[in-house]
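Next up: just one chain, as structure tokens, the form predicted on its own.
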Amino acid sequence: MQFEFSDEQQELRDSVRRFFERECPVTAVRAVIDAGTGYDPALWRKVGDGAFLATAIPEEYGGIGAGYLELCVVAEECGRVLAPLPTLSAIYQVAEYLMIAGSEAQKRRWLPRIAAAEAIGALALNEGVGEMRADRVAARVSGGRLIGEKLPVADGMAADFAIVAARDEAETLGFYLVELDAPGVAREAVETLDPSRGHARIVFSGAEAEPLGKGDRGWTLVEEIRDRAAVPAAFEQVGGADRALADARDYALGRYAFGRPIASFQAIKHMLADVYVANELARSNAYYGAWALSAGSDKLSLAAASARVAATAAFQRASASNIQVHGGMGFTWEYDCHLYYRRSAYLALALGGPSLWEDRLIEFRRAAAA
């Protein structure tokens, strides 16, 4: 069992880091926020040209078939620069839905386009605030037509198609592929805490809905994909937490008070030491998750929950501490601290809130003790 990246994967990390440092400075994130686009189309196309996010998509479907470890390497670098890209929706979730449950025709139509960044997929499960559960799905499909409302839908304004949870005439929960530029679909943007990752309200009024190839597996499919998506999402959180810590450290070393750097004060040193410990704990759990995902281990659910809980706590702590180290200026729009805080809040809720994953860890512990 190897919980460290190989030399080749480290080289990939270095290459991806250089790419993002060149193509995605923080000014690019701010430009997306100012434009209100919810993502950076130009950066998305460049990522597609580099095939960075196609690592886990098989070669027969337009990917490079490298594997999930490589995807986690790329995800960490995305998180480090707060990349304004629809990675969580299109790559970590929708591509997985298609690979696991899509028909052969659906895979061949959409996966090569996702791999080349020529199409964006969104996942439409939620129907309002609160935890999404199977019993809360009210959208209906009758005669191949979808009626219902989904809110919020991450990357819903940018997406070309969505995988939608809905019930058929027999009240069976299933999943349907809907093209979002087709008749019977209306979209509007909704504001969230992190405007660099767009969200939408989507109303379906008789839109044509194509059943997902194996979408009759019900809510177990959601839980399976959620576990798989949690691992690269945790790496995004680890990358963001590391960058927030580095920014806090650099500021503390350069900011003087009473004739010496504030980094020399015990309160600051202890705060940053606690952040460092949390980040390393999160990285350890993320590595465990990456191994479980790559190896197809039956421990994936446990590993995903561990990675998710640790990475969420680390990123939230690091981003909040970064603001505190910067003092009053840390709360202002001119500084970048709030961008990391916003992203940490978004990622904390994107796959179910912290309580959902903490409850799952408790269940695993009880099961092990039984």
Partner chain sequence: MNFDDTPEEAVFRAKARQWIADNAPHELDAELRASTEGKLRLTSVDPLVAARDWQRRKSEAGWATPHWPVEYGGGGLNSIQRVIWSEEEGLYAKLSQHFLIGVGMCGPTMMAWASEGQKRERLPKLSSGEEIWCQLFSEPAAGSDLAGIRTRAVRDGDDWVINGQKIWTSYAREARWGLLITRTDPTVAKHSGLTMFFLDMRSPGVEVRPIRQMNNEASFNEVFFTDVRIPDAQRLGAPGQGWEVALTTLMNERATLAGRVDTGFDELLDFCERLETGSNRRAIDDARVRSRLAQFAIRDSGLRFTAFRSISALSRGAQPGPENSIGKLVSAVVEQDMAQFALDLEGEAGLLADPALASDRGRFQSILLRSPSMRIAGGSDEILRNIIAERVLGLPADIRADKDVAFEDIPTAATAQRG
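This is a predicted model, so every value here is computed, not measured. Numbering follows the first chain given and starts at 1.
In what follows, reference is made to the form predicted together with its partner chain, a form of this protein that is not presented.
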> Among the candidate residues 186, 105, 182, 267, which is the single one with a non-hydrogen atom no more than 4.5 Å from its partner chain in the predicted complex?
Replying inline: 267
> Of 138 to 146, 281 to 289, 106 to 114, 163 to 171, which is the one stretch near its partner chain in the predicted complex, taking non-hydrogen atoms within 4.5 angstroms as near?
Replying inline: 281 to 289
> Should the three residues 28, 48 and 158 be counted as contacting its partner chain in the predicted complex, with contact defined as a heavy atom within 4.5 Å for each?
Replying inline: no
> Is there a heavy atom of residue 306 no more than 4.5 Å from a heavy atom of its partner chain in the predicted complex?
Replying inline: yes
> Could you tell me if residue 201 has a non-hydrogen atom within 4.5 Å of its partner chain in the predicted complex?
Replying inline: yes
> Should residue 36 be counted as a contact of its partner chain in the predicted complex, where contact means heavy atoms within 4.5 Å?
Replying inline: no
> Applying a 4.5 Å heavy atom distance criterion, does residue 55 contact its partner chain in the predicted complex?
Replying inline: no
>> Need the contact residues for 296 to 320: heavy atom within 4.5 Å of its partner chain in the predicted complex, sequence order, or none if there are none.
In response: 306, 309, 310, 316, 320
